[in-house]
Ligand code: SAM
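Here's a solo chain for you in structure tokens, the form predicted alone.
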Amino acid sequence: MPRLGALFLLVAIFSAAVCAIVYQLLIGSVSSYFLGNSVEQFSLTIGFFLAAMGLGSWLSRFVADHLLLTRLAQLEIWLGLLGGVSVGVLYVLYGYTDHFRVGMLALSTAIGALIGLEVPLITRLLRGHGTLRAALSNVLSLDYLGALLASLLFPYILLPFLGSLHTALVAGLVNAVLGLGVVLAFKGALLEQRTFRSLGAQALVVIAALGALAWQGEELRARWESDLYEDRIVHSEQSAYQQIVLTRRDEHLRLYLNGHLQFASIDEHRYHEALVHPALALAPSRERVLIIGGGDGLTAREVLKYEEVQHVDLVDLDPAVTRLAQRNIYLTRLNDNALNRRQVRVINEDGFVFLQREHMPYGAILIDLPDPREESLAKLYSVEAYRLCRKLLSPQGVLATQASSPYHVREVYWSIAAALEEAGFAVHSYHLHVPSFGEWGFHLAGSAGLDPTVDAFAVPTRYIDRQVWSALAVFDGDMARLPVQANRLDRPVLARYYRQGMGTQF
């Protein structure tokens, strides 16, 4: 083993380790995007991936010593192809078949098995350049360091700037180039001429194929995504947190986060008026308002109808969403340029972290978050979060929160009510029909003796008025309250209730 060749193999194991973790993170994140329940998707991906690595390590015993370099080069080349097209394969499986889960697990298994073969092969090759102990320590330390680098690159650089499709293609190209590097580094001395030509041709074909896919990647992604949505996509962006898609048909807009509809412009006014105006009508002061979520600016639009409002803090985790709401001409027309108004301060951070700090009291707090389908979202619907909100409210201040559907996910809706009550609030529950979503629910929360009576709304509205408001508190038998647990940080039942409810109803 030439010293230069040994050094190249160490570089190869480090680079391949980076690619391995990137593939694992890609499969888990894309599966979460399509199927939701990120805990389940990442658990399955990691479990099958690691088990397959064990299988690959076991299979390495059947590789003869004189074929080590040949098999290593082939492994890198074909791992590059499989990993490079993995995201594209997942898009196709989801959009055109009913076998996404099977395909996702098969990809995790195949990629994991190939990666599991790699470490034993390189260790055996390096054994001739020193002791087995030294070879193992070098290989494993570089392998783990590569995993650390990948875990830093993926969320902060690769996914936000390249997107999932191009990240997979770039990682695949790295693997394929490593395979070609093995071929070139050991040309002549350790590889027969015929084998050298065959492996070189394979590597070049894979590199060319992945390069062509990368060149056409945006067009392919746009085509696959357009097949997932009914209307024309006018904006698509992969942020550090989620996939953001804005669609348009005629004058009607729809915003999707990770494939889930957030609003349809044709009827969003029903939702946002019901969230905002009862709370502000009952609030003792409207000068300072806090909005948790609402990055599309539509809740802020309704709040700013009140002349008394002097300051609005809007806390949304994803700067890509609020930036879109501030700059996209379709959204600024819809939200009346709310996020660019002088009264509004946009704060891009975790809402739970914001609530833990000291702030001047708010007359009203409005919680306009996506449904609690994930544990990371469910924490903002917890007893602890509502207690933090209560501390930030002025005396007799009012909180209103969206609470998902009391019909489709009945346990979720009433669990949120139970959490508010356990946090010390008096709760008034109400619901309405939003055609794009069906029956949708909210909770109004305040101090003891909260009187939800509203004689009139002081600003122009399209949907809600005194008569409508008085009827929204009526629940039929299919939506009536039932005994459920309150959602807490140490007992996050809400995401489980949500998944169970959606699985039952659909």
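Computed from a prediction, not measured in an experiment: that's the story for all the values here. All residue numbers are counted from 1 along the displayed sequence.
Below: the form predicted together with the named molecule, not depicted.
The named molecule is not drawn, but in the model of the complex it has no heavy atom within 4.5 Å of I115. Heavy atoms of E218 never reach within 4.5 Å of the named molecule in the model of the complex, leaving it off the interface. At a distance threshold of 4.5 angstroms between non-hydrogen atoms, E251 is out of contact with the named molecule in the model of the complex. L158 falls outside the set of residues with a heavy atom inside 4.5 Å of the named molecule in the model of the complex.
Only one of 315 to 323, 277 to 285, 70 to 78, 140 to 148 places residue heavy atoms within 4.5 angstroms of the named molecule in the model of the complex, namely 315 to 323. When the named molecule is considered in the model of the complex, only one residue from L380, I207, V174, A185 comes within 4.5 Å through any heavy atom, namely L380. Proximity to the named molecule in the model of the complex, taken as a non-hydrogen atom within 4.5 angstroms, holds for one residue of A240, A214, L257, I233, which is L257.
Residues D368, L369, P370 are the ones in 355 to 370 with at least one heavy atom within 4.5 Å of the named molecule in the model of the complex, listed in sequence order.
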